[in-house]
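One chain comes next, on its own, written as structure tokens: the form predicted on its own.
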């Protein structure tokens, strides 16, 4: 009889233990995760870039959760590879919008895909955090739910004009990529340069993000470089085409100084380009040169801390794209902290838009209803690749 009673007690205890565990797995309100969708090209021509971005984001999410999450809630990334395919980009975005626990969506990376996700975001009323500056025609729509993390094409172009002024360049040949952002960078550079009496000649030759050899186009441009007495060559591009262009130029014996976009501030650029990218100069984000920032720079400490943690965890330091990863996660953290409780998509969007003086890696962000870019030209530095390293160029007159 005693054995029977003991058995009953054990069964009852096990029941309540199982019941308690099941309740905890579904979670009280304090344990429900804040979910963020991530819609990126983890395969395809931008795989190296997007994987670095995800590494940085995951590291910061892990740090937040180790600190107790946000108001007791863990932060969770729901990551989907869109395979550099517009159909998958759209499918991923729609999937995220249907999951009402997802507060916002990060990505995609490719400029040509962003118009689609931004449009879906507006219709479904969910925040879309755009990793790279998007098509200027889309940006000019001033959409309510889209926010940009990187420096805009206007800021990059203004900073590049400053670099040309500092170097005394008067005539620049521009080799643009044939996608909206690269074309916008080329056109804005030409327009802004003209205002400073610098002639920018945009070549009719273009390239795609998937091109692995631009020798044919460069052969056609070589006579222009020689006959027009070109002072510098501007590779208006992003991703692997940048260092490939440099290698092709040097193989052809073209020794003209090369200028790049902010997208030259990625670690793999030096890895692919090797000696060919030596001497390339460009404006870019501050995470590219953490220890070379001024001692009184308000974001120097943030960048160095992030850089050193990246080195410990991944054996690679901070750069332009990983810096965006840091900024995305901590901007999300900041917005959720300031949102009404319980946090809704609408409240999150409003909090994100009211971000003020947020010290990230890429710069100090200030969003508003009329400004979803958040950064200024002061958030950029000039960089030269030398001895296979990124080296800051100090040009006091244009800082």
Partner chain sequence: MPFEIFVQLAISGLTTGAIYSLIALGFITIYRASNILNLAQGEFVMLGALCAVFFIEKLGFSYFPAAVTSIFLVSMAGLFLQRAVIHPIRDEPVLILIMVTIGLSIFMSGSAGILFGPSPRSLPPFIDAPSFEIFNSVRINTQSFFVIGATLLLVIILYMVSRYTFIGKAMEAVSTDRLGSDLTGIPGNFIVMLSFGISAGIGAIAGIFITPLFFTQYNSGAILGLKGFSAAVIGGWGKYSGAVLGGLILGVVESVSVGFIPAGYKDAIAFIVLLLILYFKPKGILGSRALEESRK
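Positions refer to the first chain, counted from 1. These figures come from a predicted structure and were not determined experimentally. Throughout, rigid core stands for the largest set of C-alpha atoms superposing within 1.5 Å between the two forms.
Just so you know, the form predicted together with the partner chain exists too; it's not on screen, but the next bit is about it.
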> Does the partner chain come within 4.5 Å of any heavy atom of residue 355 in the predicted bound form?
Replying inline: no
> Quick one: does residue 298 come within 4.5 Å of the partner chain in the predicted bound form, counting heavy atoms only?
Replying inline: no
>> Using a 4.5 angstroms cut-off on non-hydrogen atoms, would residue 142 count as touching the partner chain in the predicted bound form?
In response: no
>> Under a 4.5 Å heavy atom criterion, is residue 223 part of the interface with the partner chain in the predicted bound form?
In response: yes
> Just one stretch in 329 to 337, 62 to 70, 366 to 374, 42 to 50 has heavy atoms within 4.5 Å of the partner chain in the predicted bound form, so which one is it?
Replying inline: 42 to 50
>> Is it the case in the predicted bound form that 215, 247 and 268 each bring at least one heavy atom within 4.5 Å of the partner chain?
In response: yes
> Between the options 251, 256, 125, 101, which residue brings a heavy atom to within 4.5 Å of the partner chain in the predicted bound form?
Replying inline: 251
>> Please identify the residue among 187, 206, 292, 90 with any heavy atom within 4.5 Å of the partner chain in the predicted bound form.
In response: 206
>> Under the 4.5 Å heavy atom criterion, name the residues of 149 to 170 that approach the partner chain in the predicted bound form, in sequence order.
In response: none
>> If I superpose the two forms on their rigid core, does the C-alpha of residue 244 end up displaced by 2 Å or more between the shown form and the other one?
In response: yes
>> Superposing on the rigid core, I want to see if residue 83 changes position between the shown form and the other one - specifically a Cα shift of 2 Å or more.
In response: no
> So, does residue 269 move by 2 Å or more at the CA between the shown form and the other one, with the core held fixed?
Replying inline: yes
